[in-house]
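For reference, the chain that follows is the form predicted on its own, supplied as structure tokens.
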Amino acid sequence: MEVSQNSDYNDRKFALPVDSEHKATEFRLFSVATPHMRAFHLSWISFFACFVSTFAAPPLIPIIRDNLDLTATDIGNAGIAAVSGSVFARVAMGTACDLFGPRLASSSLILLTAPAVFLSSIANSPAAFLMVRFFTGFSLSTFVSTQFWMSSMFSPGVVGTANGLSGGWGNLGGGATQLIMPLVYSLIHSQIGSTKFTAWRIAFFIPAIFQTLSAFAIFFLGQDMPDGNYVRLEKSGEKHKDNFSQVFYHAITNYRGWILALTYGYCFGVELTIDNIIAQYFYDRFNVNLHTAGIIAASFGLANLFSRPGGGILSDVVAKRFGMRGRLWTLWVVQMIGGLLCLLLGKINTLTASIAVMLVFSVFVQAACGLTFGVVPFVSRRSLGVISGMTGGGGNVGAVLTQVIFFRGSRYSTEEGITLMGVMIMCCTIPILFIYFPQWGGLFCGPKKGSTEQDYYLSEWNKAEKEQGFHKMSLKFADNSRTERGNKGVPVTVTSYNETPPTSV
């Protein structure tokens, strides 16, 4: 017979090879193995559903505008409301993930915001339309739980890939809804025979139902961590229930989180802005019809199929050779190029050239999002959720500020706003130069002599907490993150455990 070699691995077996934290060291896209790959597929599908719901209105704006007598200011305010709702909700979601786990936090928020999507169908005034978009936008906070969940399930060597794919495929909803909603509207209007002002209202039931189903799927099929849900792990003593004040303190005092929040505001924040304005931009400026404008707008969001995942994969690839410094350099270069392309997009006056530049721009700005979350999991182990929430919230703040400054009212034309947005992207990318990890270095400086991963991650725990063993998960993470030294650092070996090592008796 076989018995486990030691109790440290808790007699657990996994379909994927794992490290000492039981995080998967391989990413198998076409697997649905529990718990790692199932968590991946549940996270991106649910986030996709939330994106579809949040941006279901923009492709139908020409119809909704006529029905509700919306002015340009009303439309701009509604767009701002859709992305401002989750600014603080993302930080709250990060805290909830740290304290209660991503499964419960995510499913609860998705279910709580679903009624707002249903209520979109009965909006009868500009104010009502703004309110349903505002509350629906809270669902975008599930991005934080998605990234937290992936960082809890996958080891440092593949976490960029997992974060990039889950976030990117979730963001696909922003492009897919540009196709889905006009199609659903056309079927209801043309095939069923509803009036156009009734058809757009009925169409909102599709994203609402989809979002509701995804919440139940996460709750009943998901699992917080490789070893189980938070409640069970805390009861068994395998995980201690952390202190909110300490989790929050170590997040807000880590300047790296604030810089990443700023830079993310002008990659993901720009993506949200484009999702809100691009269909109407092509419809008004180049006089294309609603369906064509929707297809063009969809192509921007659909680039997430490969662009944001590509950013995450690229982050992991360069890290194997150059470590954390490679991740930071790649993020800086890609986002700076994205800013240049955005500036160029606003200057072009022909339809074909605008579409071409927009497509290339979409690849770079979305890849920058994936590259950002190739860095985020290493900023803090103890406060990962809050750091993820701060960074994600920064994306929404960037979207709000950009739309308020450049796309609200008639101060700037849309093309002028796009040009100025490109300038903002480049300016807000500069602070990446100041991110420095003492154990790995930064863009221009190498690591501090004698500094180790253990020094960095265990500094988040005080002496009393260490004496009680609360720091053990951080210690394991520090050991596994030594790969961020790159192959020029001290040679390291991170052991993978495909199954619990057996001893024959």
Partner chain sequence: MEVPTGFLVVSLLLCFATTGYGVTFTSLQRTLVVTASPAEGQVLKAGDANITVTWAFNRTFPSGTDADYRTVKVKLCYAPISQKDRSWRKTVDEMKKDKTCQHKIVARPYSASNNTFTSTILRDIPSGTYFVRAYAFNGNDEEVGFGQNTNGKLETNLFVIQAITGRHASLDIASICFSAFSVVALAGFFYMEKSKGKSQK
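Keep in mind that this is a model prediction, so the values were computed, not measured. If you superpose the two forms and keep the largest set of C-alpha atoms that fall within 1.5 Å, you have the rigid core. Residue numbers count along the first chain shown, from 1.
Omitted here: the form predicted in complex with the partner chain. The next part is about that form.
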Is there a heavy atom of residue 115 no more than 4.5 Å from a heavy atom of the partner chain in the model of the complex? yes
Should residue 454 be counted as a contact of the partner chain in the model of the complex, where contact means heavy atoms within 4.5 Å? no
Is residue 88 near the partner chain? Define near as a heavy atom within 4.5 Å, in the model of the complex. no
Although the partner chain is absent from this view, report whether residue 360 comes within 4.5 Å of it in the model of the complex, heavy atoms only. no
Tell me, please, which stretch of 342-350, 230-238, 396-404, 162-170 lies within 4.5 angstroms of the partner chain in the model of the complex when heavy atoms are compared? 230-238
State the residue from 434, 244, 220, 255 whose non-hydrogen atoms include one within 4.5 Å of the partner chain in the model of the complex. 220
Taking the partner chain in the model of the complex as the reference, which of 127, 122, 192, 427 has a non-hydrogen atom within 4.5 Å? 122
Could you tell me if all three of 70, 103 and 196 have a heavy atom no more than 4.5 Å from the partner chain in the model of the complex? yes
Could you pull out the residues of 251-288 that have any heavy atom within 4.5 Å of the partner chain in the model of the complex? 283, 287
After fitting the core, residue 256 CA displacement of 2 Å or more between the shown form and the other one: no
